[in-house]
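A single chain, nothing else alongside it, follows as structure tokens in the form predicted on its own.
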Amino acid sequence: MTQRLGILGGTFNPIHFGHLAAAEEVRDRLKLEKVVFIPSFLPPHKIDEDIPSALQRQEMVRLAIKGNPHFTVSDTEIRRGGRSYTVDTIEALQQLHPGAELYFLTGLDSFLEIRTWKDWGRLLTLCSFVVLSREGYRFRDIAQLGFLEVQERELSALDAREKDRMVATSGNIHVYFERIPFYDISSTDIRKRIREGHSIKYHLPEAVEHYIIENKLYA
């Protein structure tokens, strides 16, 4: 049977319950065997962020997913070094998991900017994309991208919460649109709370909270 793997890349600065809940929601809906969390070495779009070392962020991911047999962490981008580009990561994963079906998870906000990604046209043919709803962004704006055979009215049904999911296929491009519960937690807010001396309990796993405190991250 073909292995179905979800791929969730990111800075994870830090990882929090929003990341974990979204990954589990998609894993359950698409019946994925694993979701692979891939911390970036150097994120191409976040050069001004307060970013701990890649190994520290990887350790926070490891602590966060411990206990979930369907979640795993990969050091693919950390070992490669340099700027982390999705197309390079997907090609590396294809070599590591020959024959596997790869599903790349990303937020709607990021997908709307996909034309700015490295080799974006080729990337779309290498794996299926799973586009997750994000507060403040509209699925119907995807119709303006122009490379998917999808009607704006169909996407609007997602925005109106008349449906939770749909699939768009254009040639060898496959994109899953998923409206998932909104988790009002963000890495940016967590970092801000730490700087201001506020509690971050229940924003992320307790083991990650302890790691941040012990290593004086974001203070």
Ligand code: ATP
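Note that the structure is a prediction, hence the values are computed from the model and not measured. Just count from 1 along the sequence shown to find any residue number.
Beyond the structure shown, there is the form predicted together with the named molecule, which is absent from this document and is the topic of what follows.
With the partner omitted here, the stretch from 185-193, 27-35, 169-177, 156-164 that lies within 4.5 Å of the named molecule by heavy atoms in the model of the complex is 185-193. At a distance threshold of 4.5 angstroms between non-hydrogen atoms, Ala22 is in contact with the named molecule in the model of the complex. Remark: Pro205 does not count among the residues lining the named molecule in the model of the complex, judged by a heavy atom distance of 4.5 Å or less. Using a 4.5 angstroms limit between non-hydrogen atoms, Thr72 is distant from the named molecule in the model of the complex. In the model of the complex, the named molecule lies within 4.5 Å of some heavy atom of Leu132. Site annotation in the model of the complex: the residue of Thr106, Thr76, Ser84, Ser128 reaching within 4.5 Å of the named molecule with a heavy atom is Thr106. In the model of the complex, the residues of 1-39 lying within 4.5 Å of the named molecule by at least one heavy atom are, in order, Leu8, Gly9, Gly10, Thr11, Phe12, His16, Gly18, His19, Ala22.
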